[in-house]
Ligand code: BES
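Next up is one chain by itself, shown in structure tokens, the form predicted alone.
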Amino acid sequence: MEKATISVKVLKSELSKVKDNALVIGFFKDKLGLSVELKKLDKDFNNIVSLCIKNSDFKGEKGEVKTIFVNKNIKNIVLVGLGEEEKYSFDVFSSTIADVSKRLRDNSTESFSIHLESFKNSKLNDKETVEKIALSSLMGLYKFTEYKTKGKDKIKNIKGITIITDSNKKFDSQTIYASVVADAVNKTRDLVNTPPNVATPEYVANYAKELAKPTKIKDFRGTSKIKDFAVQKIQEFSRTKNPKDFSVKSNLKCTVFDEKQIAKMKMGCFIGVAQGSINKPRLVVLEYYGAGKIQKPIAIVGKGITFDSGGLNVKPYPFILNMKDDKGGAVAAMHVIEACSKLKLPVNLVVVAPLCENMIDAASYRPDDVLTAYNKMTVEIRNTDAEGRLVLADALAYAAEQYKPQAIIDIATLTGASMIVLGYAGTPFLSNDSKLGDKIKDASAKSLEKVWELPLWQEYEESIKSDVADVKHISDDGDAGVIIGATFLKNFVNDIPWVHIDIGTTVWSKVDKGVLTKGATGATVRLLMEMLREWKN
């Protein structure tokens, strides 16, 4: 089923001249007075807004929404509570915008306008606010309905969002960035949500190939159907007098290695995990050079277990449910590099995504097996349900040796222990380099994806010493699960600045609130995009 597209634009206009299904206006609890512009609008509607406030029908409480049906140029005026101004933040703002967007969609609103100035305060500037409105609404409106067969005609969608401002500033770069990043987040959600009988290793590898193919543009002049292409090409197309179908060459390169090539590369840990499944493994490598090939790339390595049964240490119910999300790291990495290529960010990136299933078979790898990794390190297997770090070990060693990157970032649904550390609120990360760790923290504050750094103390290395091999891949006591996972992975990055991000919990949401919907979250896409847009060597 084709996804409904949502256009987001910024328009300079007086509120009294707005024509739309709904106009959304924000109010702080301790600042309910009307501005000059709002007084003029209120007068046009027989003082309905001021009366609503005067009669305490609307108090500005955080999350409060009051819809007033006026049925004129604007059909509904929507008053939104922002709470106390002192406690107002981008977190509150983002969640509010997303929740209001969902509410309007569910009330069959096809388009709405947002009064920019009413959602700002001294902490938020125009450009940041526009970007967050666009990103939060587009993420909040996400739905996964691909496998619904009934009631498709009843699915409600927003077609357009207009941000109303009194500023003469141009906001094109903010709306473009937000649209591209939201698209990357939502496509990550789509692929992670895709069931494992469909999204096999081969399927995901073929999907990656499609990302790197030339994009065909048809003659959609005068419509809003052109999307997801380099802005310059779109503008060139719109200026053409007699446009015809043409292709925009991709600036992504995709290489896919099959099971025979992976075995020939001596990725013994990766092959060990994959050998129990009828669906053969694939290794995807995506490359983007936005800063010239002389500059060393940044490598992003994503765990891509398309389904994890736990292997011979089979997962019990209900922990085996949603194990399609075990590919979340690889899928996020693929869409991060695609988004960077669309935005033409001045960075060089390489994505390495090992894709396989962890299944039960006579050929499955076993506890007590010893596997030899790509970097020739031997690994004692203690539990087959700790498979993610094994495929990552080979992928990390490959990225380090083949590309000699300036930094390596791995994204992995690595542990259930991430739930114990931070719950669903945030993502733990670990790093061997303080400067790289600081980049992640700075990006966290700006992207609103919460992270928290854990230590990589030398004491933890004792826990993975093996009596029969170089290392064992988990500790025997199960303590400090997130840290032990990272301590193991550190053996495969050759002292290159490296960050390990454990999205074992935050890859999935059980709630439909704010920018989240039930299911895949697209974790780390916003975080890494924020870091890469400001990357400096």
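Heads up: residue numbers just count along the shown sequence, starting at 1. Remember, it's a predicted structure, so these values are computed and weren't measured experimentally.
One more form of this protein exists, namely the form predicted in complex with the named molecule; it is left out here, but the text below deals with it.
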**Request:** Flag residue 409 as yes or no: does it have a non-hydrogen atom within 4.5 angstroms of any non-hydrogen atom of the named molecule in the model of the complex?
**Result:** no
**Asked** Is the gap between residue 414 and the named molecule in the model of the complex 4.5 Å or less for some heavy atom pair?
**Response** yes
**Asked** Might residue 315 be said to contact the named molecule in the model of the complex, defining contact as any heavy atom within 4.5 Å?
**Response** yes
**Prompt:** Does at least one non-hydrogen atom of residue 370 fall within 4.5 angstroms of the named molecule in the model of the complex?
**Reply:** no
**Which of 383 to 391, 269 to 277, 450 to 458, 67 to 75 lines the interface with the named molecule in the model of the complex (heavy atom within 4.5 Å)** = 383 to 391
**Residue (of 323, 265, 291, 124) lying close to the named molecule in the model of the complex, criterion heavy atoms within 4.5 Å** = 323
**Item:** Residue among 32, 474, 48, 38 with a heavy atom within 4.5 Å of the named molecule in the model of the complex
**Value:** 474
**Message:** If you apply a 4.5 angstroms heavy atom cut-off, which residues in 146 to 179 are near the named molecule in the model of the complex?
**Reply:** none
